[in-house]
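Heads up, the chain below is alone and in the form predicted alone; it's given as structure tokens.
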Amino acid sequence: MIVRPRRSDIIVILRNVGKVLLVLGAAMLLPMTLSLCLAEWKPALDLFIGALCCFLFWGVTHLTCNSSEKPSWIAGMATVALSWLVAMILAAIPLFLSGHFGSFLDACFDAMSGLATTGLTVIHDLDHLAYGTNLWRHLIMFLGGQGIVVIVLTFFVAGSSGATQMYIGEGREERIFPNVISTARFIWVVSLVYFLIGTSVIWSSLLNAGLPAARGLFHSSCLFMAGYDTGGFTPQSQSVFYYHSIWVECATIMVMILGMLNFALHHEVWSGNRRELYRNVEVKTLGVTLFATTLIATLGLAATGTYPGAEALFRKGVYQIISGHSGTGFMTIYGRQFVLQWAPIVMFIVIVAMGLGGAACSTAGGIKALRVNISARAIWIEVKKLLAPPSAVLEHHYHHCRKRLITAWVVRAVLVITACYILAYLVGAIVVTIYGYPISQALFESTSACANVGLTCGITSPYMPALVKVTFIVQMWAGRLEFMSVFLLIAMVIGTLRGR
């Protein structure tokens, strides 16, 4: 039975959405300041208008939805899903006003792609985009990677129940600290420290590649924000291929791998527990799946003679697999080369790598390594049950920062989310094939969108049908939030319209 939400729930939801928009508006001031410093008056005005809209939204909700009630479980989850939709619309305002998008729908597409750390884009003439607007594209990716609701938890202390559900609703399944507020703040501390280190490493590689110091600093900041948050935006339309530098590619690989790892694992390492790097079940699973997909793809490319020599295989083949598996979407080839030069089996391996994704509680998307491991263990458990005596009591554990028990509830939750991802991959592919695209290319693009990757085989463009754009927006939104908060928001809307 779908229950209509209480009026108090709606007030609390709108109040917290307003707080998200307050943070989003404040974030727009940073690229606006850059535009003012560079005398980019029109982009600065675009960003000011966007920030003003965010502040107005917050002001209205602050005045009309003033309530001291703590967020309920339902309100916390629904806040997340609604916040991302509203944030997409308002984040798209300066993008649309830039004149580099054919429609507001296109601007919303890139805004959701940035927030969901996907990286698919339908922008026109990216190479001549203003610095301020370009920074905004990457900044929303950085905000979305850590979680826009996590920002609210960092600066606005919410009630324990609502805070927990807001945190879980944004695709986070575990807490590093008992208190989610402390967990949210730790995530931002880690991210900012890595930003300083990672930007410096990439900057040095860009200087070595020949970029001027100031331009190199801008590019390195953008590349780190997109790479660490496993997005795929780049300052230039040719992605990482633009730099023609193996050092830039190696630096971005390190950042991508850093971003695909669990924040809880980062905490363990920061706390001095480096043994967790080789004991953790997610690290082991990622090692196996990354090695297997890379090996098969490399052998396939070598067998077909697509790229001669070990260096070309690494820079063209291995790089795309790591980029896809980590959910980043950086590319060192053109999208159509997947279709025209890569063998079908290799292209399929890229789809598998994208669909699997990175670690739980990271900036990566996809099914996640922890679910892959538990699903495999669940199959093995059922086999052992068939072979064991009826009276035998079997317990199975896995190590993820601590010893954990595999229960029926854990397996059921894992299988439900895994099924949602697989179904979403297939449904998106079916929608794309309606417009005449081959199923292999449609599945590639659908998986990239829903797993928040950003690799493209050429389908994503400003000229693709509006229904495909909307489908990809929904996939990016639902895939980033891991479906449950989205389902709950839909149920609340239906309940509001129908009542009990």
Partner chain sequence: MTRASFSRTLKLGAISAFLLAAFILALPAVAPASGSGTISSEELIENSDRYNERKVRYRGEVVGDILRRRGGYAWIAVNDDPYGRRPTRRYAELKGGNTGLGVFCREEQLEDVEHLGSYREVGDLVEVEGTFYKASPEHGGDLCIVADHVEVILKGHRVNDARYGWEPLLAVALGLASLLVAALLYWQARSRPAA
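Positions refer to the first chain, counted from 1. Computed from a predicted model, the values in this text were never measured in an experiment.
Only in words, not in the display: the form predicted together with the partner chain, which the text now covers.
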Item to check | Check all three, R279, G287 and L488, heavy atom within 4.5 Å of the partner chain in the predicted complex | outcome: no
Checklist entry - Looking at the partner-bound form in the predicted complex, is P465 within 4.5 Å of the partner chain by any heavy atom? => result no
Checklist entry - Counting only non-hydrogen atoms and a 4.5 angstroms cut-off, does P438 reach the partner chain in the predicted complex? => result no
Checklist entry - So in the predicted complex, does any heavy atom of E382 sit within 4.5 Å of the partner chain? => result no
Checklist entry - Quick one: is P31 in contact with the partner chain in the predicted complex, heavy atoms, 4.5 Å cut-off? => result no
Item to check | Interface segment, criterion being heavy atoms within 4.5 Å of the partner chain in the predicted complex, picked from 267-275, 126-134, 353-361, 194-202 | outcome: 126-134
Checklist entry - Out of Y242, W73, F348, W188, which one falls within 4.5 Å of the partner chain in the predicted complex, going by heavy atoms? => result Y242
Item to check | Contact residue in the predicted complex, from L211, L139, V411, I253 (heavy atom within 4.5 Å of the partner chain) | outcome: L211
Checklist entry - in the predicted complex, which residues of 322-343 put a heavy atom within 4.5 Å of the partner chain? => result Y334, R336, Q337, L340, Q341
